[in-house]
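Only one chain comes next, encoded as structure tokens, the form predicted on its own.
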């Protein structure tokens, strides 16, 4: 074997090992979190931890129910706001906008994705919090009293504020994925629909969107996984009260990522405290991994069907 072949073999094996290491990082992180969470799992049942809403580490109570509900409230509001706006924006950019305008807007959307989460949080504090406190809360509580809008929290730091900020943060990923998915539809499908007398909107709704429906679902799933893991921006605007379960859009919410960021490293002398926080991190990792794998799996299947 000559020198060139030896170098080629070494480079091949080295790159394979590096690739294997990168692929195993998620497994290593999950294993480390699970090992650190084992003490509390050995002491308390998983059902007791997930269904109990009392979080009082000093007395050995580590209920995660309130934090899970906070995560569901904030993420659910963000998805409800972001999905229709993002899909309609992507449809306009891919199907209706002139090419020059589309090429001008897409970099701006990508720039929005690159803004630091703490900037979104500061923007939420100085803009969205006063908007919710001074305008949205009085309007909804007076005009729509039958919906879950009544609350004793009048600060503006609430689940709705966190959801709005989070929706702005996940706009770019949903728009980008939906645009790419729409571009996978062959032009022949559009031409065939238009030749049969369908309007532009009928073609888009009944031919294009129906063709890429799995891709739309994947885009929403990827946006959801991003929303689940967001920390600092939500921590700054959601209220994060340990003693209240969110029952209204205007109640404070305390999502799991905020719990981990806000409490880890404090009061580690309390037994099982460290283990409980790392259990929350392990649960969050499992959820985000599940949604990411599902989303990319759907996109990969769509790409293969195109080929």
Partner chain sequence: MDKRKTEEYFFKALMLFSTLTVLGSLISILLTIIVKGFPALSWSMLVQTPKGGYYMGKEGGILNAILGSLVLSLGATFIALLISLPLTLYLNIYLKRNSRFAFWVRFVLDVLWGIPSIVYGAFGFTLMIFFGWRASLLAGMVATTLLVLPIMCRSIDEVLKMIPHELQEASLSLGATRLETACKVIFKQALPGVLTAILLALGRGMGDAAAVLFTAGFTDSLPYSLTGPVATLPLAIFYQLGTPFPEVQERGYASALVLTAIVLIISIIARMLSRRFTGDLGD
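Small disclaimer: the values here were computed from a predicted structure and weren't measured. Residue numbers count along the first chain shown, from 1. Only the largest set of C-alpha atoms that superpose within 1.5 Å between the two forms is called the rigid core.
Not on display, but discussed next: the form predicted together with the partner chain.
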{"property": "Residue contact check: residue 195 to the partner chain in the model of the complex, 4.5 Å heavy atom", "result": "no"}
{"property": "The partner chain contact at residue 156 in the model of the complex, heavy atom, 4.5 Å", "result": "no"}
{"property": "Non-hydrogen atom contact residue 79 with the partner chain in the model of the complex at 4.5 angstroms", "result": "no"}
{"property": "Partner proximity in the model of the complex: residue 150 to the partner chain, non-hydrogen atom cutoff 4.5 Å", "result": "no"}
{"property": "The single option of 240, 281, 49, 68 touching the partner chain in the model of the complex, heavy atom within 4.5 Å", "result": "281"}
{"property": "Non-hydrogen atom within 4.5 angstroms of the partner chain in the model of the complex for each of 18, 126 and 199", "result": "yes"}
{"property": "In the model of the complex, segment of 184-192, 107-115, 71-79, 210-218 with a heavy atom within 4.5 Å of the partner chain", "result": "107-115"}
{"property": "Within 4.5 Å of the partner chain in the model of the complex: residues from 150-178 (heavy atom criterion)", "result": "168, 171, 175"}
{"property": "Rigid core superposed: residue 9 CA moves 2 Å or more between this form and the one not shown", "result": "yes"}
